[in-house]
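Okay, so here's just one chain, in structure tokens, the form predicted on its own.
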């Protein structure tokens, strides 16, 4: 990824940070964007020691169209026209549907679904002006395909993102802009609000026998963004240790 410029949203921690670090190790310049400007700046500083061709930080609210466009303009000036975009920024609160406030629904949909659209628009306009080419990777979730109690807004947003990925791939393909998604399962991320009981109950549903790590997702993202995936677009790559294969429930031998 030498001479490539990557934009990663929600890159101050967790999956976003791991993805930014993976791009840096491959020699890309990285625009580290996050709501938390100070945390993003700390990540950008750390990337310079990992081989990044350049790293800068921006505060970015992916829900704000004008703000998104302004940040992409600043990235153009500071680093150059981006070649790669990873739509990673997302939120996943727990809210039962029967009591879900309209504001809770809007916050998740606006961040997880509208955000990738707005960032994708700013990115693609610049790629077309530059002559085409480029790659977008959207971070979806196995929740797009497997419902979870208390997360109706999150599941709906990620299912929508999967279809948005396919629509983007169809419309942007003639410009040689590829759009794919990764769908992580349960990933061990420092500081996440996941109880020990939840992990213990989830683990038997993972055939591979372990919880995923951020680096597992980052490797999948860098592959899809790379030239090695040149003829892959509109695809969703699950990174879940086999969680979506089914449920380990054996029927009784008796009829």
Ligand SMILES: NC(=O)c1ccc[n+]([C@@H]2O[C@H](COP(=O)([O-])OP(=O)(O)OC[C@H]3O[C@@H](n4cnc5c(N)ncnc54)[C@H](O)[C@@H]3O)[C@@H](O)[C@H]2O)c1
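Residue numbers count along the first chain shown, from 1. Note that the coordinates shown come from a computational prediction; the quantities given were computed from them, not determined experimentally.
There is also a form predicted in complex with this ligand; it is not shown, and the following applies to it.
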Hey, with this ligand in the predicted bound form, do 61, 185 and 193 all fall inside the 4.5 Å heavy atom range? yes
Looking at the partner-bound form in the predicted bound form, is residue 15 within 4.5 Å of this ligand by any heavy atom?
-> yes
message: Whether residue 35 contacts this ligand in the predicted bound form should be assessed with a 4.5 Å heavy atom distance threshold; does it?
response: yes
Would residue 89 count as a contact of this ligand in the predicted bound form, using a 4.5 angstroms cut-off between non-hydrogen atoms? yes
**Request:** Please check if residue 154 has a heavy atom lying within 4.5 Å of any heavy atom of this ligand in the predicted bound form.
**Result:** yes
Testing 123-131, 172-180, 70-78, 91-99 against this ligand in the predicted bound form with a 4.5 Å heavy atom criterion leaves exactly one stretch, namely 91-99
When this ligand is considered in the predicted bound form, the residues of 128-163 having a heavy atom within 4.5 Å of it are 139, 140, 141, 154, 158
